[in-house]
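So here's one chain in two forms, each on its own in structure tokens, numbered structure 1 and structure 2.
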Structure 1
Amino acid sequence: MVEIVPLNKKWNYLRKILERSGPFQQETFEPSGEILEFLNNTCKILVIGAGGLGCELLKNFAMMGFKNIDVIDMDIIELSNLNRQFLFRRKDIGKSKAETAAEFINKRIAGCKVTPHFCKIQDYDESFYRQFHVIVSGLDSIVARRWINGMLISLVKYDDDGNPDVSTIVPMIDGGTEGFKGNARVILPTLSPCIDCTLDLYPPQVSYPLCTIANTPRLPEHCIEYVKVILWDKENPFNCALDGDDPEHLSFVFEKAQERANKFNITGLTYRLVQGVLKNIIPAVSSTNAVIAAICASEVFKIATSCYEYLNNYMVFNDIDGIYTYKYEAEKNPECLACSSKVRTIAIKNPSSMTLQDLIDYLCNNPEYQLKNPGLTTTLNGKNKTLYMSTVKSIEEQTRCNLTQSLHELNLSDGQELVIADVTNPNSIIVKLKFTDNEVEMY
């Protein structure tokens, strides 16, 4: 069933671009009325995240002629979202972001069909993600970005010669903002650099050494971390885990952190700082989200219509001092954990003193891996063996004793392949241990 392009003038502006040729168009572009029809009726877009970027993206797509839009977000609306997430009102606090945003757009833009998914991206498998022509992400989590990145890479099929089948590639446009800075990038899974290729762009979170927190605090942040890391478990004031959204918890932390700050003559502790540290709050403002989402949506429009060349492949934006933009071509990492088929080798100097815990710490802290809670399995004497896995309680209990054993004690040998499962990727990755007596890389 094909809906006939309405004869009204609503899309007249877009039609100037889509039905006329121009000197800057992409070489293969052929202006025709069918392109708008494709946007209106066929093209399916997925927006991941219905937050600051997500609200802007949904509006932008609806205004650019896209009608079949899905949006996925597991979060609910909070008061502090309202300064930028403009599809939400005070009465919506506590409701699903995805559902509220979809309802708003569908009501405002006649003919637009936004389908909400109030769940985690991990709740869906390949068959869900395969149905989209383009996927756009406006996420604040690196783990989620890496997961969807891995998912889109696993959608790519290869022909007999090992070349990717272009029809199985779902382009991903990724946007991110922090305060007055933002970035946008276009990823063609397996063809262009992916999120994991450029992991160094996402520096690990600031953390304070435990001895500073426990013994020599100097900053108000140290006092807050003290209550969070040490005092909370000791005093257990509400018989539950610390929840940064619970005002009673916040007040407790504020009070105790203030006590500690007073004791050490540390100044500058505020309630806002306590919240910021506990919830790892990133400052956010409407204008930056608008700019980055507009760039992302323009690129999706270019890809979906072929009207202009799309961004190749990364750009940054900053409007602290005037307006600054810069674009460049990031490069593929030939050893990328996610998009290369190459098996990574980890050089290990002393397998009889390096424990499994050391190896896991390495995988979590090394900037090239940045894993979160890796589960490790391998093959020993032809049998599968789980070395450690924290995600399933019973297996964690069974395998915990391995953590303190050395790699030798675990009977791992030179050239041993480990299969690693982690939240940063829907697929497992394989690494090879290389035992070396030389001073090569580590330990």
Structure 2
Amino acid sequence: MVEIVPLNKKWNYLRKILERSGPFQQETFEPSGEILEFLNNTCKILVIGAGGLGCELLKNFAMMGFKNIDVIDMDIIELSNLNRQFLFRRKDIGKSKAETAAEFINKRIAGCKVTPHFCKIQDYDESFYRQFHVIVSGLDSIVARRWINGMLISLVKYDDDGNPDVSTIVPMIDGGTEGFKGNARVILPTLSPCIDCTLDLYPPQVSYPLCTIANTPRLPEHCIEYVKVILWDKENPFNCALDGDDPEHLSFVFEKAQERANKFNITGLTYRLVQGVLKNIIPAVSSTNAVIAAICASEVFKIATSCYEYLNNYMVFNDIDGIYTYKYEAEKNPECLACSSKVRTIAIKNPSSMTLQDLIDYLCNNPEYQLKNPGLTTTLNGKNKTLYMSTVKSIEEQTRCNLTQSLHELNLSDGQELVIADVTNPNSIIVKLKFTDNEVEMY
């Protein structure tokens, strides 16, 4: 028989924390019944991602008294999701993750309202993100993390003395998992280190030289990339772009990659590896997701209620060999691309030999920048000039010739400022070129 809990006792476990004093409470905390009312009726939470972490987070928040929750995710449900993303069922395959997760929570938790957004985070502007009290990130993309990080920084207003107005700061709790390892961090935009401040913690995206893929493959990944990059466009088997979610496309890639692997005596090729390479899949473990989501939810609760000191500011979890966890305080980077007003300087040893393509490659491969697809503009003789931009076809065609020209040929001088737009940040960044004869390691 199911025990029916009276409505007035539903949140008793929260009242014990919020309506009485404790030895670990913040000095400014004043126990009150109004705090629970704030959680239930006023506090708005945005969960970014409805995957492994997102499902856990939505469940946690709904059962912790947060009734106004939004969730945003651009993905659809796949069969491989069902082993850990427990808000979905087989009948949901092909449906929106955000919409399905919201429907499940709304039906299961009385009084909870989860509003889904089946789109990219980039589809919304500042007015959308400004309405939330706390934002929780359960993303598996560094690019998306950096974009929302830049967006929240842009929301912060400053007073006449240049100090940030704390009332305009929207805290972000960022969680991430990979196999049996995970991390959680608390980010107060402009006050604490942001995603870009610790960008060197994220390894640059793995890429394989085209010459290796085409001529001397050594790894099964090389064989998969060969089919993806070269063979697919050459044979065009389905008269469409390669879709990593289409079983027929996956089977074609697997068969052709296996043929190439056999030709070069390469072992270790599997169907799962094909999926992983094509979709850049990160290993996921349910228990790790549950632990990191629980930590993130606890930090949101502490920030929303001010009942306890929140994490300052980075926590690492590892249960490969037993359970190991520790926390530390990361430091702000005074030259951070996102939260610092200081212009970054790029040292150029030989501007006569360094081409614009070399500069773009440097911005993409350097751990301190890790840009994805930068567009560069500058000011020459008082006029704006687009050096290169690939996102607009007509502009890309007009500026493509600049890629092979040296910085000198483009009339770029020492101290030249470049304005860079990239998908990793909703705002443009500025870098300054510094020509030097000193030895500078660019790669």
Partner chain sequence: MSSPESDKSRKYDRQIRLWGDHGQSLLENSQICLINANALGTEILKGLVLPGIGSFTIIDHNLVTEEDIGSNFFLESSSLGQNRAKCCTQYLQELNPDVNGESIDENVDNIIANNSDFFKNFSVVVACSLTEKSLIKLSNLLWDFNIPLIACKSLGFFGIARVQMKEYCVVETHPDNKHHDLRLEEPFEAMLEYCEKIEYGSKVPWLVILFKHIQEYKKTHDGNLPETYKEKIELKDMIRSSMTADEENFEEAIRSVNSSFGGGKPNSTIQHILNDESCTKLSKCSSSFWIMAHALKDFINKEGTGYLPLPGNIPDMTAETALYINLQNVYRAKALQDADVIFRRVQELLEELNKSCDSITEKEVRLFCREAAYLSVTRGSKIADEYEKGSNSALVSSELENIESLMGHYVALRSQDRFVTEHGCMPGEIQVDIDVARIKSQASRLLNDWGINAQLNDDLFHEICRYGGAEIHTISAYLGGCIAHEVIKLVTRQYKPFDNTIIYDGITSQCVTYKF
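Since the model is a prediction, treat every value here as computed from it, not as a measurement. When a residue number appears, read it as a position in the sequence of structure 1, where counting begins at 1. In this text, the rigid core denotes the largest set of C-alpha atoms whose superposition between the two forms falls within 1.5 Å.
Between the two renderings of this chain, the form predicted in complex with its partner chain is found in structure 1; structure 2 comes from elsewhere.
After superposition on the rigid core, the Cα atom of Tyr226 is displaced by 2 Å or more between structures 1 and 2. The Cα shift for Pro237 between structures 1 and 2, taken after rigid core superposition, is 2 angstroms or larger. Relative to the superposed core, Leu250 undergoes a Cα shift of 2 Å or more between structures 1 and 2. For Pro217, the CA shift between structures 1 and 2 after superposing the rigid core equals 3.4 Å.
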